[in-house]
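Only one chain comes next, encoded as structure tokens, the form predicted on its own.
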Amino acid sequence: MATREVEDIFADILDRVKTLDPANARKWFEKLTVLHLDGGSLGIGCPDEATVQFLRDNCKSNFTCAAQQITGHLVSVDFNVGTGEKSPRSWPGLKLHPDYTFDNFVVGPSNRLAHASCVAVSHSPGNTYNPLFIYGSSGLGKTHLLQAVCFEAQRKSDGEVIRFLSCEDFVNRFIRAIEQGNLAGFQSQFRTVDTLVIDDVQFLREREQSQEEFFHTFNVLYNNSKQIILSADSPPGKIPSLEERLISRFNWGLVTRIDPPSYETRVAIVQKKAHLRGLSISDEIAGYIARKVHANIRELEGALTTIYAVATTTGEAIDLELAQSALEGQLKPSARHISITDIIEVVTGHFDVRLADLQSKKRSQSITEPRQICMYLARNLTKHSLEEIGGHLGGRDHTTVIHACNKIGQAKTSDPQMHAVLSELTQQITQTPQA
């Protein structure tokens, strides 16, 4: 079969795959090449091992189906590194997502410190922030940043060994090592690396033996100046049933938080995700999606996938009307991210007091009650700790915040007027549009 004919067939296969599987369609499919197409076998060349693993894990069945539909024959499909270019070194068992690079990460006020710290660590592992601990709610980009560090380590590697895995995988491997009587092999596998990256480390909670093992692994790596990077859904001190000695060590380096992205950052994320899928969407459509989805980047991706699937099926151009029709009924209104600042603004406006008064040591009823209401609402409407709430209101300690919450909670139950005030303030805070 002539080379030109093979390339045309492969181009048709890629177009068909995008129709069959819009969720996994990517612009970088254009970088895939044909290694061979003969004897009922299609070999596809990929730029690196991360791409190979992504395609094998997520796309193989749809590539096979597309190849058989286009050629009209039974065809087996496989993916291998092979583009004629030198590919980055990879380590066995290191599974990375090809989208999760620094170039594809959108930086905004909510994640700037986390991004900068990961870039710094990738440039000088073991020397800058060690350990590096990133926390935040699900779907905000923690895994993306962790894998971006791994990609950069691969690119710059001069023989260093990096290992990335979820905490659940770490625990399961530890359990299997005990069952098989191969604990020494497990320890050698994790205590001899140059960089250890563990995602969702909160999975260690209530696993005493796993915590013991991780404690010693941490010590060995840290004492040898090896880089440790961790992520979790909470700061170290807020992970339930985590031993104090681990909390202490996790706090040795830099602990940084990722917050839900602002509206402007969400628009940029939508455009970035669209570009990765080879889509061209207007700022108007990106803005529409960003207004519909507030807190979770995965939901932004899901909205794009739905729009792409509808456009591909109908053959229509992607415009605002199509986007609205595609997403109608699918996107639930997102609960807006509420900050202590939002609460203070509403409360000070309602009671006509100044922030400086709330943060002062004044104890008059006209100041004390709004201050305590701020504490009560912050405790109930945000995920901030008692210390953080007290810190926003003049550096009060956690016992003061607890006292305020108890007092306002009791007043809400016994005083209909307080109940009405709290309901009105809560409604104002939760329904204020988020830009």
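If you're wondering where the values come from, they're calculated on a predicted model, not measured in any experiment. One rule holds for the numbers: they count along the sequence shown, beginning at 1.
The form predicted together with ligand ADP is left out here; the points below concern that form.
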Check: Hey, in the model of the complex, is Glu301 touching ligand ADP, heavy atoms inside 4.5 Å?
Finding: yes
Checklist line | Contact test in the model of the complex: Gly139 vs ligand ADP, heavy atoms, 4.5 Å | finding: yes
Item checked: 4.5 Å heavy atom contact, Trp252 and ligand ADP in the model of the complex -> no
Checklist line | Partner proximity in the model of the complex: Phe105 to ligand ADP, non-hydrogen atom cutoff 4.5 Å | finding: yes
Notebook entry, point to check: Of the options Leu96, Cys167, Ile269, Ile344, which one has a non-hydrogen atom that comes within 4.5 Å of ligand ADP in the model of the complex?
Noted result: Ile269
Margin query: Just to confirm, with a 4.5 Å cut-off on non-hydrogen atoms, which of Leu196, Ile297, Ala153, Ala114 contacts ligand ADP in the model of the complex?
Written below: Ile297
Notebook entry, point to check: Which one, 142-150, 356-364, 222-230, 168-176, holds residues whose non-hydrogen atoms are within 4.5 Å of ligand ADP in the model of the complex?
Noted result: 142-150
